[in-house]
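Shown next are two forms of a single protein chain, provided one at a time as structure tokens under the names structure 1 and structure 2.
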Structure 1
Amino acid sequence: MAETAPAYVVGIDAGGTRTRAVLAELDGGRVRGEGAAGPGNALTVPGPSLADHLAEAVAHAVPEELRGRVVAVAGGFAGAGHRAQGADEPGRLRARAALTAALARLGVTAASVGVHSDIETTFAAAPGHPADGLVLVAGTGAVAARIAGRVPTATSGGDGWLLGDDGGGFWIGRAAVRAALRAADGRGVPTALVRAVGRDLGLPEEVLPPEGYGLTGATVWSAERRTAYRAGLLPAVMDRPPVRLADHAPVVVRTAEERDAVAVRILQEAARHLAETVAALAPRPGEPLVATGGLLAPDGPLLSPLTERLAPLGLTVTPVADGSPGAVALARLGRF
């Protein structure tokens, strides 16, 4: 008797920086393929570009000869609402349209295609794929939610770069640029972030402060160079989309590791904001808190300080690398 060809599912984690797709066997077997592409935020990435990124990630994950065996697809999208908000929620509509177009382009005709918020897939990524608890996503933005029956029932934060997302990558990057500008005009204290941010933005070496500025009190930065620095920094920032301020978050982490007081303070403040975001959901002692995003994934720079701040709440913090395992789990559940 011939063996039945295995069926497959695809899980997609579409975040503000990257889109990741994973091919796995339907019966719970091993991962068979992975692919990555550009950002997948359903509200900020134009529809055609979103479809391109989804198609690229899925194409890398799913060999052409296996595409006809994909029976279920589930994607978790930054910028998309959750199921309880209805199918006509704008982010969900845009995500579904782009995902449908991407799958059609690749010839994937799965019977089940699920669109979820990144909150839902992140929570489902925890070991055992729990159905109830708390989740915190801190990458470019920051949002927390209470999950019941795999559906968010309350959220905290997630208001976007303009109005909120306190403690996320955008918030951290903006704080770094603000600190650099204030150091340059005398409103703030010297900090090594001045050099780090200036180099990030391609400013010429002759306008940057000397090495050691902010780390040793003896380093002098002339008034002329300060003025030239501000004159170069402001247009360099304004010429890019505002959300690109999140690009500076990694230099804050590196500068904090060098014990720069301003960078350390920014990260401490970010951890405080994230803890407040979780606390707003009235956690119960012993509840699981699934955490992910570039700041909170395993070994993320804010995982340890956040865990310390949340210790009085008695939560069980579980970091996950991203939401793709959760998307795979939801794809399998959607198949039945």
Structure 2
Amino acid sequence: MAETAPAYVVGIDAGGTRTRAVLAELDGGRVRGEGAAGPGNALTVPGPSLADHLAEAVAHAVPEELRGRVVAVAGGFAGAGHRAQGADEPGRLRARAALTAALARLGVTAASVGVHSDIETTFAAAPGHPADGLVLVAGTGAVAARIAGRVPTATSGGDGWLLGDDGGGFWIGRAAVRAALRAADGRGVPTALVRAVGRDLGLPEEVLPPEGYGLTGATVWSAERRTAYRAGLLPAVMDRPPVRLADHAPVVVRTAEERDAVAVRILQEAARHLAETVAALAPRPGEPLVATGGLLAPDGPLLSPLTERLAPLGLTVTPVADGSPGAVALARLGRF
């Protein structure tokens, strides 16, 4: 009996920060190659760069001698059709054009090329690759969706930093800077978070609130220092694009771990917003809920407070690290 050369599939996770590609055998579970490259958001990365990043990630994942044996490719793209708009949605059209160009450049002639939103591949990344349930992605933004037959049929949140995305990284970072400003003008308390935000923004030590504010013996934060803090903080924030406020989310997580009262409250509030975003999809008890993003991946800081808030709705959260296993699963399904 002649040995059959195995066939392969490629799964791609194209996110706002990086593009990952994974090579796997069509029939088996094992990952045979991996590659990564720059950002892959279908709406914000210009078309030629998007094609370059896709080609680079796929080239690393798929050795040249196997490129003719790839039978199916599936990619999940940030910026592609969060809103269940279907195949003619602008992000999907751009993603398909870039992916087609990248594969042609590498000589990958897969018969099946699937373009999905990152929501779909994230959901499919859960163990068992479910077809129906709920998904929540909380990175810089925050969006939830109901998936039926592997496609989103309704979404909640995901309205961008200016109007929504409540509970995501931008929301958390903005809340931290707001708390700092409120402390500086007397409407809030200058906890360790306020020190940390000031330090992140490059303010000099002498304008920060003194360490151990509120403890006996600690010096107070004088009116002069408060004014200088605020006068330094505002232009430091305003000179950057607004979305950079998300840079302050990690400091909230860190100070919350040290039991900073303001940081803890911000994360609790964020978890409440995320739970509300899921609840707007009218979940049924026992439905699968798959979650990902910097805040909700395995060990993510919001995973445990969110789990607590969703338990009364009969939901348990399954965190996944990224969507590439889901993309591999969708590639395999697309093959048949």
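Definition used throughout: the rigid core is the maximal C-alpha set that superposes within 1.5 Å between two forms. Everything numeric in this text was worked out from a predicted model, so none of it was measured. FYI, numbering is relative to structure 1, first residue = 1.
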For the form predicted alone, pick structure 1
After fitting the core, V243 CA displacement of 2 Å or more between the two structures:
yes
Align on the rigid core first; then say whether the Cα of V197 has moved by at least 2 Å between the two structures.
yes
Would you say A228 moves between the two structures, meaning its CA shifts by 2 Å or more once the core is fitted?
yes
Just grab the Cα shift of R187 between the two structures for me, core aligned, in angstrom.
6.2
